[in-house]
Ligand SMILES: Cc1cc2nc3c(=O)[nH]c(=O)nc-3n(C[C@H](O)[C@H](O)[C@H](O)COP(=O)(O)OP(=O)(O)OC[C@H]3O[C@@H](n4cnc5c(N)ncnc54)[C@H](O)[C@@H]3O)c2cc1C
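Shown below, as structure tokens, is a lone chain in the form predicted alone; questions about how it binds or moves come after it.
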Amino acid sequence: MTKAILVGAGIGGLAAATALSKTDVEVVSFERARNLATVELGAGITLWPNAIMVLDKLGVGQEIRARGAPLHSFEQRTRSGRLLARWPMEEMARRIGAPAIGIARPDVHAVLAQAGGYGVQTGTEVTGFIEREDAVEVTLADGRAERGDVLIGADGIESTVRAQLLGATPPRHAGLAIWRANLPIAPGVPVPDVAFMLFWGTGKKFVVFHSGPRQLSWEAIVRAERGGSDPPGMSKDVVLTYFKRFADPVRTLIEATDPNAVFRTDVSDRPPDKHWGRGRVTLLGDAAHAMTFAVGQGAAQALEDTMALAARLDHTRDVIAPLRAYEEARMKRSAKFQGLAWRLARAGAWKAPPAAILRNIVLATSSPMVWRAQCKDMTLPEY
């Protein structure tokens, strides 16, 4: 039996543990956080049909649907509220065979933790690895070591495994900051009829979507330098200042949000790499292909990784060739989404009004073609 050492227990790591548990691969998982419940603390994410189809294969799709909300409608608008594009999301779901779902990131993680988190050694930090002819050995911060046949780095954009494989380089900053929040639906909260709405401004973008039966999630994206921060307790007020001229329901949604629910981070990614691994070591998820939020494919591409990896490691003794085959199957597709996510994120940073007007014209005129391409791209490949 092949023994795989899995580093990281985020969405990708737990999904990989779940997928590999359905094969003849023995999995040993390490997570430096002491409690799995603290690994994913973000707001809402969108799971497009390709992600839902993977989650169905992992046996958790129905629970994800129950915790989330179907994104049955999608609109892009200008800052003033003028409609640019509307997509028939229910038709996309019919064509592909799965819906798009909005859901809170911690809910996705909790569902996957129930399925694949039982063997994770929490509070255990991997500090490096040693490649040997017949095995790979990871070193742990507590002085221990663990040997296996395969090492899978699923430890995020600042991956320790990645740094040793490809070099310790900082992520690429997109010139943007993003504020996120979840907002329970309660009396007085303006609930959009459209399940997913995106408002484009000049150097600003606002997104709101349903992320549960009684919950909304929003994202406010603004052009900003790396490492910026808000005065303590003032993030909501900062967002209100940036978006005070946007059409309803943007301002009213921000005003209805608990100030303690709003948090700010930089927007970063990594450009596509020529290699993900060597020998008995490979990468998965953000460690392999970190991308911006702009196409909603970060989690989905990590989930696709797990399908491709499990299929190639199942019932094999020569693990090196299957790892390279997994990388070959995944690198081109994930790189496509990395590039698209970068370009769309940067389009939200355009401050010059002529550039923003041109962007809006392109969004409006290309919408039917882009929707057809999206249907094609959201169809899960055969792994």
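When you see a residue number, it is the position in the sequence shown, counting from 1. What you see is a predicted model; the values in this text were computed from it and never measured.
What comes next is about the form predicted together with the ligand, which does not appear here.
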Quiz item: in the predicted complex, does residue 323 have a heavy atom within 4.5 Å of the ligand?
Solution: no
Quiz item: Can you check whether residue 124 is within 4.5 Å of the ligand in the predicted complex, heavy atom basis?
Solution: yes
Quiz item: Just to confirm, residue 299 within 4.5 Å of the ligand in the predicted complex by heavy atoms?
Solution: yes
Quiz item: Can any non-hydrogen atom of residue 269 be found within 4.5 angstroms of the ligand in the predicted complex?
Solution: no
Quiz prompt | Heavy atom within 4.5 Å of the ligand in the predicted complex - residue from 67, 57, 333, 32 | solution = 32
Quiz item: What is the one choice in 215, 202, 160, 76 with a heavy atom within 4.5 Å of the ligand in the predicted complex?
Solution: 160
Practice problem: Pick the stretch from 335 to 343, 39 to 47, 315 to 323, 349 to 357 whose residues have a heavy atom within 4.5 Å of the ligand in the predicted complex. | Solution: 39 to 47
Exercise. Scan 304 to 341 and write down, in order along the chain, each residue with a heavy atom lying within 4.5 Å of the ligand in the predicted complex.
Key: none
